[in-house]
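What follows is a single chain, given as structure tokens, in the form predicted alone.
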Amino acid sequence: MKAINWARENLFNGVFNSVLTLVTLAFLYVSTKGILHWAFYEAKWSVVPDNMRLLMVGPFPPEEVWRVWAMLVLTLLVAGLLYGNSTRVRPPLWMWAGALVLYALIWPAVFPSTRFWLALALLALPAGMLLGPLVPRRFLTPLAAVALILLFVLPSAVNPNQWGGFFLTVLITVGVSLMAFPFGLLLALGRTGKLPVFRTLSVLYIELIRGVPLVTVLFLSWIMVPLFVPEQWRLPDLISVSIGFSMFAAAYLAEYVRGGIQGVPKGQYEAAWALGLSGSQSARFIILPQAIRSVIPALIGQEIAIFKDTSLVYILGLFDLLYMALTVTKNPKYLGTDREVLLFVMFVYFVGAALMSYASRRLERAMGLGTR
């Protein structure tokens, strides 16, 4: 009844709206009829489960895939702990139900040896959110630090040239974010500071990086970074590209943080000076906490952009999710399945971005942002 009443009030509450609703429904039917017919009757969706391991981890050795699963479980668990502790929000019932439904859908497409890890991965995030409020905050920082160290130590036994698939996409996203945020913070402080040298250098760097495409920066880092490193210390292509990516993202993060710093009332600075705090203490305890809190939506938006822009590394020969998807479509057995595979890739990126956006909204609501 609620749906019927809502339709009457919003879609059929007059002659004009009723006609407009019917015309819109007819247009949607005509425009999507062919797509729905293809999706349900012609598409060869079996290409996705048949190549799931390749899409997820690429050429990663099968006997070492447990390392990837352990990293995923650890990441989701710590993320749930941090989120649950900061927001005091318990996981909703639909999250547990969604994990069970998703497990039932994916279960036939995975190997028996990985079904246990799949169950742990799906339950790690809501379990972390449930336990987060119970963990003292003083333990969260060292716990997160240990998790980050393990995140890069666990796969180190495997040659980086064998990292690939969605695993590599997530790893690049995390690595770039960890390197870009502190660098962007320093750039923001330098641009808003009073020292002319640091202010000028920060402005030049930010404007230069923001004025060139990301692809150009990736190619330059791929070519130029090895020139600054001795031959015996030559970095893998993954590290070189990640450094360039981080330098690019830091310029945008710096501008977001600078906007937050400019939004802090002048009275906060004066209060810090009246308390006898130094410049670094004022920035650390008074200015930056307020500035970062006010620009959380922009920072999460940049994180989503970093996550999506990782797809550009395929042009440099890194085996990310998009590269592995295009490799699958070139297999003679799966010729003509380009649309199915690329739609799956689009779905993966959409789900990842949607989850980050949802977490951002919940965090904003828990911190009281946007309310008066």
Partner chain sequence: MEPIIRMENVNKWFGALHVLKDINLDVQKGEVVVVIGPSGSGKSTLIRTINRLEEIQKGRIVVDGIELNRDVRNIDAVRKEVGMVFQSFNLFPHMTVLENITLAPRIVRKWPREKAEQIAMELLERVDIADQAEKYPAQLSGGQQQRVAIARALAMQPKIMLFDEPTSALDPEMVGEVLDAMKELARSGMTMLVVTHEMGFAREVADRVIFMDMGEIIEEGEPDQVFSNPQHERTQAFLARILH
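Numbering follows the first chain given and starts at 1. As the structure is a prediction and not an experimental result, all values here were calculated from the model.
The form predicted in complex with the partner chain is left out here; the points below concern that form.
Student: Which pick from Pro289, Pro92, Gly259, Gly193 sits with a heavy atom within 4.5 Å of the partner chain in the predicted bound form?
Tutor: Exactly one listed residue reaches within 4.5 Å, namely Pro289.
Student: Among the candidate residues Phe152, Phe116, Phe285, Phe111, which is the single one with a non-hydrogen atom no more than 4.5 Å from the partner chain in the predicted bound form?
Tutor: Exactly one listed residue reaches within 4.5 Å, namely Phe285.
Student: For the chain shown here without its partner, which stretch in 164-172, 261-269, 128-136, 237-245 has non-hydrogen atoms within 4.5 angstroms of the partner chain in the predicted bound form?
Tutor: Among the candidates, contact is made by 261-269.
Student: Using a 4.5 angstroms cut-off on non-hydrogen atoms, would Leu120 count as touching the partner chain in the predicted bound form?
Tutor: Residue-level check for Leu120: no, no contact with the partner chain.
Student: Report yes if any heavy atom of Gly276 sits within 4.5 Å of a heavy atom of the partner chain in the predicted bound form; otherwise report no.
Tutor: Yes - in the predicted bound form, heavy atoms of Gly276 and the partner chain come within 4.5 Å of each other.
Student: Hey, in the predicted bound form, is Arg88 touching the partner chain, heavy atoms inside 4.5 Å?
Tutor: Result no; Arg88 lies far from the partner chain in the predicted bound form.
Student: Does Gln281 reach the partner chain in the predicted bound form if we count a contact as any heavy atom within 4.5 Å?
Tutor: Contact check for Gln281: yes, within 4.5 Å of the partner chain in the predicted bound form.
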